[in-house]
Ligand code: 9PG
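Form predicted alone, single chain, as structure tokens, below.
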Amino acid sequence: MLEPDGLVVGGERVPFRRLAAAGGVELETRLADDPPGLRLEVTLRNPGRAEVVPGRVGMVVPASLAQVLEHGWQSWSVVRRCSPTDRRPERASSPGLVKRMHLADPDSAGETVNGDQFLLWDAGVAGFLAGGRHLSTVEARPDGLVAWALLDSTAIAPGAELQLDPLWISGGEPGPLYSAYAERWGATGQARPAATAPTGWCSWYHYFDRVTPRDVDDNTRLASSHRLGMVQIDDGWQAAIGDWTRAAPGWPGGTAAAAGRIRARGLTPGLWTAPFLVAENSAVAGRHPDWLVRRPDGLPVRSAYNPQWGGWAHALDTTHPGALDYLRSTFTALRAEGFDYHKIDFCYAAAAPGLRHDGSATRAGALRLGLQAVRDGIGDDAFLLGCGCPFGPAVGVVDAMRVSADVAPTWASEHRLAGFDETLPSLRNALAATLLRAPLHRRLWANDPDCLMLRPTQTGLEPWQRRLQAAVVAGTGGFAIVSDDLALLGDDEWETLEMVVSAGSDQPLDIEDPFADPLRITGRSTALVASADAGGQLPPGGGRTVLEASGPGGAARLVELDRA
């Protein structure tokens, strides 16, 4: 059985024991059987007369790692199978914003191979079972792993103590352990895995930031005549990033009028926001500069850049009481307008490194406060989808989570991002991450593989690629949100959507062997066979059945790959 043999605090390593001291703190450990593994709990105490800032605490576990699943902390971050030595040193020279966006520990970029929150390898798993106290990452090393609790600048006062999130460690077959770990993570974090995911339409991948009320109305009419129950207005409706109660010019009556027209057709109104970003040109930034996360030099932290937003957007300080009141009142108002479905994007911004109103808060704690303020505003019965969101702090607050990079109407991206190519929008990247994160579905939340694009024109996707996406969406949860101009869909496309909805595997999923190729992802009544090799084709071979659903009526093929 795998067991820890060391503890690291402040760069000082000591042998693992029930009571230890390192880095100016005392550590008490509790190691308990939790078959098929062990559950480790660690408490830090400050016995001195001055406060101590541990920075990070590591738990060292000897192990033999041949292959690992590397993944960053949030929805779009890299997910890939690799060796523990494939560090991608080019990441070290990436812009600071890129590293902060994709890694829980930006300083590790190009230096180590990590699994943020948990590390799965060919013979085991080690992962933290909660994420509200602190961020975490598990570093792969030639002789084993180090599970790091990232405490940021949190200080422990004299005589005080700090409890770390529990860690679960187990050796064995990686497929069953992936599911077992996700099950424990969800239970410990009081996950919300049971909310019914709607089938609907989203404006983004056809209209992007140029969406108009007429576009929404035209597609609402078509959605209401087919098997779609929700209409989500995406980016482009707002006056400015951060000013979520003011619509842009060209939206008469604002979002309330649009929601009313959607509801009049019998559909659920949905809305996109990025609640933890504040654009430089927003009213919020001008009126409340004290609500922004700051750098040591006093300037606001930059967390996103988009020319369509007017340039830079800053991080909202979600530890500031005024900012939290703003979030709660904003989302209470949007819910009152009729929006029962909310997609909140770029959530990593709330966990940006920087100086906050509450200097004792970890980045995870700050994000959790912001997420909870949104949930308080929309109410417990509204549907909340996180995107660009660190996973750990979101468990127990969101109903669904994007688990991949953005899709795109192209198979592969034409761009490059040193060491982070898997994060770029493309259908290939989105499918690979969706497959490799399948066991999180209905254990932590409903997995969102991003939008379906079925349109046969105005796209760079070939027919087999569109059918493949439909099969993967069905086989990994059936979270089906179409993002085409619905007027472009013909009988074949509507039939494909109907099959996705009917055959969707909306149940906990397992990967038989996460390091096999192709992968076999199974639910209680489905089996999906596909490759997660982003450098190849998904799946190889022509005419191969992609999804099989077996039940009382026997086996049914959903999609076959046909490149002829």
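Note that this is a predicted model, so its numbers are computed, not measured. Position 1 is the first residue in the sequence shown; the rest follow in order.
There is also a form predicted in complex with the named molecule; it is not shown, and the following applies to it.
Novice: Within 4.5 Å, heavy atoms only, which of Asp235, Asp399, Glu493, Asp105 is in contact with the named molecule in the model of the complex?
Specialist: Exactly one listed residue reaches within 4.5 Å, namely Asp235.
Novice: Just to confirm, with a 4.5 Å cut-off on non-hydrogen atoms, which of Asp165, Asp243, Asp485, Asp345 contacts the named molecule in the model of the complex?
Specialist: Looking at the other structure, the residue within range turns out to be Asp345.
Novice: Any of the heavy atoms of Trp204 lying within 4.5 Å of the named molecule in the model of the complex?
Specialist: Result yes; Trp204 sits at the interface with the named molecule in the model of the complex.
Novice: Please tell me whether any heavy atom belonging to Glu139 falls inside 4.5 Å of a heavy atom of the named molecule, as the geometry stands in the model of the complex.
Specialist: No - in the model of the complex, heavy atoms of Glu139 and the named molecule never come within 4.5 Å of each other.
Novice: Is there a heavy atom of Met101 lying 4.5 Å or less from a heavy atom of the named molecule in the model of the complex?
Specialist: Heavy-atom contact with the named molecule at 4.5 Å: present for Met101.
Novice: Can you work out whether Trp76 and the named molecule are in contact in the model of the complex, taking contact to mean some heavy atom pair no more than 4.5 Å apart?
Specialist: Output for Trp76 is yes: heavy atoms within 4.5 Å of the named molecule.
Novice: If we take heavy atoms and a 4.5 Å cut-off, which stretch out of 255-263, 281-289, 437-445, 337-345 is in contact with the named molecule in the model of the complex?
Specialist: That would be stretch 337-345.
Novice: In the model of the complex, which residues of 40-73 put a heavy atom within 4.5 Å of the named molecule?
Specialist: Nothing in the stretch sits within 4.5 Å of the partner.
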